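Shown next are two forms of a single protein chain, provided one at a time as structure tokens under the names structure 1 and structure 2.
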Structure 1
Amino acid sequence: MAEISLTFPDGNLRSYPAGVTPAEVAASIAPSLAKKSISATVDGAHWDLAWPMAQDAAITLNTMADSAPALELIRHDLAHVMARAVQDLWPEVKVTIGPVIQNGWYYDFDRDEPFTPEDLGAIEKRMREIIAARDPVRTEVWDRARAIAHYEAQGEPFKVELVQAIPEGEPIRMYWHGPWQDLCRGPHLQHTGQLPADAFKLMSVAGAYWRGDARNKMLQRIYGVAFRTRDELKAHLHMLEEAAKRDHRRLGREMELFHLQEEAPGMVFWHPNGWTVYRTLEDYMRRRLRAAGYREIKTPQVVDRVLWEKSGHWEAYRDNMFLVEVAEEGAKEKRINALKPMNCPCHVQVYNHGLKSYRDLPLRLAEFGSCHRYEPSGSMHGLMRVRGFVQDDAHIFCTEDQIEAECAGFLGLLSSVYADLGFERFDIKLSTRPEVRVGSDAVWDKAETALERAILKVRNDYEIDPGEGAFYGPKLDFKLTDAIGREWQCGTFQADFNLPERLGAEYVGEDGAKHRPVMLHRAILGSFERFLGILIENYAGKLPFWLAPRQVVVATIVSDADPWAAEVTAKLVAAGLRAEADTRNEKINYKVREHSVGKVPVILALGAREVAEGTVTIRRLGEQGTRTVALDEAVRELAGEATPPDLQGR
């Protein structure tokens, strides 16, 4: 019998008969390992313990202590267990697909009656009974005809369609969880008892078209979340409660920041308060970019398709572009333009205007560029995903030798901006060359090495994502962690050797010859709309004082204080504060409650005593106590707090 060689994480090699399974490998090492193992990683692929191995490979045996494979298996198996529970309770229901998603899974069902909250409770109960039964999980590979015949006999038309869609050459794998069977790529656990019965919860039901096509039948999608332990589940559910409290759409209404409406889907209507926050953030970013050597430009929003074809975006982004057809005078055909979905090709046009020398490089061109991309209506979500947005976009044109220094400079700027905005923690992912790419290996070596060296000048903890770079160059992605532990990808830094070539960008080198610059795409916030949504949720609406749209409300307790309120407000405004007076004939508790809901950070209460003494009583959002001080002292204190971080100390 032929043998294969398996390499273990410690470097040891062992020989086994070809066709050995990871379960048999685990058993050959130790009975305890065989009992603890849940899956294997074979040459980087997640592998079922029951799948045979036919050739030499590197192998790692996974246990529940290995978070990523454990969670994938738990969530995938629970999707199957849920589908089994549904069909146990309602045998007439047809099943479709049930993939793993972030934090859990979903499964789509064809059922005439809508699922109710009570149904979800019954399904959860049945799932726990299935887990307690410790039913074995087994798998077989069938040929296409047998699988189709099986599902036709079972009356499962969706499964028949799925089998028919599997490409030739791919295995058609059938899984059984006890007596219940499903079509699945796997891998899976070895028995249902390996699932944590107290670490999952069914969350909601939604409608979903079969295979995402509105022309197909509407199905019912049940969502669930799952973790390795009960404590992890409790922590996630608590995070969801916090996220609901922080929902930027609700806070946007309460703080009167923005709204969206059907007549302009995915486009934001900014109200005075929201636009104040927007412009304050934009002014801050403009100052930071100017200090970092960027030169601000502005490029057109409507651009002829010819440029998009030259850049390659027409082919890649055509379906996401908003087109503008113009009947030019005297033209036989309408001219096709597009609202720009990104700024890159336009920035090359600015670079190309006039001859550039190596002495001009690096050239850093920045734009708060207004972009439009078509997003399906079902994917839009408040400020987080819109069709019209503004990027804090910039492109650096440089030589290959300047990549490392420019990347290091950008990392320093990004780290400082994130810290100013309250995000001390962020993760970096370096995506390296994909299989399909442009440029020589030597150029890719130089670019990847430059990015790695630049990261190490700032920090030494980063993740490599092999093969996930853009086709034109490697890239860095930056993920922020917010106040409740959620991750948000915002910033990016990408090295591009392709677009300068396609659009004819050149510079004259020291040797007098023409060369291609490298184009570095970079963003810190990503888009203002999305980043503002993240900021609102991170701070639960209680924005830093310098960013708050309404910084101070001067609220009167008695009408006799109205003249003093006008004088106090005028001094605050003269000191550069965003202040307003509330002299309505309402009780002070009502005013405080209303402005607290609007997340006004400071309320100055004025009564008869404050009028007589020339003082103000300071009440801060979220604090119980108050403090009475002289007006001039309050103005100095608040003016200092209102100074943006980059201007403090000047």
Structure 2
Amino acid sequence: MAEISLTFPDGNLRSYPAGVTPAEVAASIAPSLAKKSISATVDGAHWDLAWPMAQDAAITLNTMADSAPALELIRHDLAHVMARAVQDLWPEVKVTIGPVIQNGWYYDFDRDEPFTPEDLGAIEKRMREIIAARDPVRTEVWDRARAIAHYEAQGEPFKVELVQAIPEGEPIRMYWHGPWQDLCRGPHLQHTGQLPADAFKLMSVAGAYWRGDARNKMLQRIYGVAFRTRDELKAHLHMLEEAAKRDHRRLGREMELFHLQEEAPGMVFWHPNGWTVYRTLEDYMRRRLRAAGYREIKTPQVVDRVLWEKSGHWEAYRDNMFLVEVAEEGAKEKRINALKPMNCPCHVQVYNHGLKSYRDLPLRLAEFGSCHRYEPSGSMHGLMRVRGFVQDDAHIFCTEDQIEAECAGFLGLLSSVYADLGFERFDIKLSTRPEVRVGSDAVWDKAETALERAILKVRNDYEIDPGEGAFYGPKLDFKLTDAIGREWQCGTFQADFNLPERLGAEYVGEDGAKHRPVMLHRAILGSFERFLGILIENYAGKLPFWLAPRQVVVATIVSDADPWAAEVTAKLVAAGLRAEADTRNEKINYKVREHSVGKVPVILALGAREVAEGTVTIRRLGEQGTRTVALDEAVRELAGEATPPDLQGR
């Protein structure tokens, strides 16, 4: 019999007969290792202890102490155990797929009746019984015809489809968890008793399309989370609660920032506090753009369909546009306008007004452009996905040769803005030419290279998404990472060879002939609404001092301090701070609590002592201690902190 040699993590090399399984290898080393092992990593692939190895390989035996493989096995086995529990309880339910996802797994079922929360409880209970039974797990490789015949006999049409979709040459594996069988690529644990009965939880049930396609049947997806220990599960559930506490919809209410209501779904009603943050951010962006050589413009919200027909949006995106019909005097037909869903066609109109020379390029036109898009009802989410929003939009008209320098300049601006707003980390993705596109290959070559070279001036790591560019040009997407590790795509930089053509943008070149400019669409924040949502969640409501809607509350301890509070507040306001006096007939405890809940960064408490000394006592949000200082000193200190980052040090 042929021999294979296996390399162990410590560098040792040992020979085994071909076809040896990791379980046998473990047993050959030590019975204790055989007992502890749950899977193997063979040449980097996650390997079932029962799979035979046919050739030389590097092998590592995994135990429950190895977090990544352990969690994958636990979650994957639990997906099977859940599917089995569901079919035990409701044999008529059809099974489909059940992959491992972050923190857990899901499994999609086809069942006419919806699963209820009570059903989830029953399923969990049955799962624990299956775990307690310590059913053995077994694997076999079948041929395609047998697997298809089996699933047809079982009345599992989805599984038949899955078997048919497995590429030629890949093994078709069947797994048994006790008497229950599932098609699965594995690997799995050795018996259900290895699963932690107290470290998983079924979370929710929701609809999901078969194979992720909206044209297919909607299945019922049950989500579960699982960890190795009960404490890890508890920690995860606690983390979810903490994340819920920084939900911008909740904080928006608590901090009185904004609200949404039925009569204007997806459109934000900004309250004084929220609008203050919004305006502060907008003012900041306006300064940054001006300093970076942009010129600000403002274009109409309501624009005749004719322009959208010219730009091509009418054909492609009409269903997502808000239409405004007007019965004009004397006209037979109503005039149809659209609320602009984007600013670019209007910006080309500004560009086209008057003949442009190559000397005018690059021309950077910026607009805080108010846009409306009819987003699908189910997609809306607080400030994160709305129907009415404002972009920090700008279009750069330039020559092909200027793309690289413009892109490099933009990258510098973007990273500086993100850093100012508290996001040090962001990732870049370059999407290159798709199959269907406009523009010559020479132009695409030039543009893609320009974007790539611009990135390389800033950093080495970026992701390439081949074929994912828009039909009109390559693009960069920027994803920032927030305080709890979530990623948000905000910035974008897109070259466009199409719109200048469609809308007839031109410039007179050095040669006296007319040329077509390239248009660069770019945004840093994306939409103000969404970015503010991200900021609120990133800071859990505790916005940096310069952005905080109410920076200082002057709270009196006794009513004798009211005049001093008025004087203090006036001084703060005169120094440009957003300060309010709270002279209500309430105890200081009450005021401190209320303004802490409202995320006011600084409370100045004034009692008899402060009145007598002409001082203020500073209490900062999240800190226990207080400091008593002279008023002038406090004003100087706070005014310094209130200076926006781009104006610091001036």
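C-alpha atoms forming the largest set that superposes within 1.5 Å between two forms make up the rigid core. For clarity, every value in this text was computed on a predicted model and none was experimentally measured. Residue numbering: structure 1 sequence, from 1.
Undergrad: Only one is the form predicted alone; which?
TA: It is the first structure (the form predicted alone) rather than the second.
Undergrad: Quote the angle in degrees describing how far the smaller of the two rigid parts swings relative to the larger between structures 1 and 2.
TA: About the larger part, the smaller one turns by 31 degrees.
Undergrad: Core superposed first, then measure: what is the displacement of the CA of D143 between structures 1 and 2, in Å?
TA: Reported C-alpha shift between structures 1 and 2: 16.1 Å at D143.
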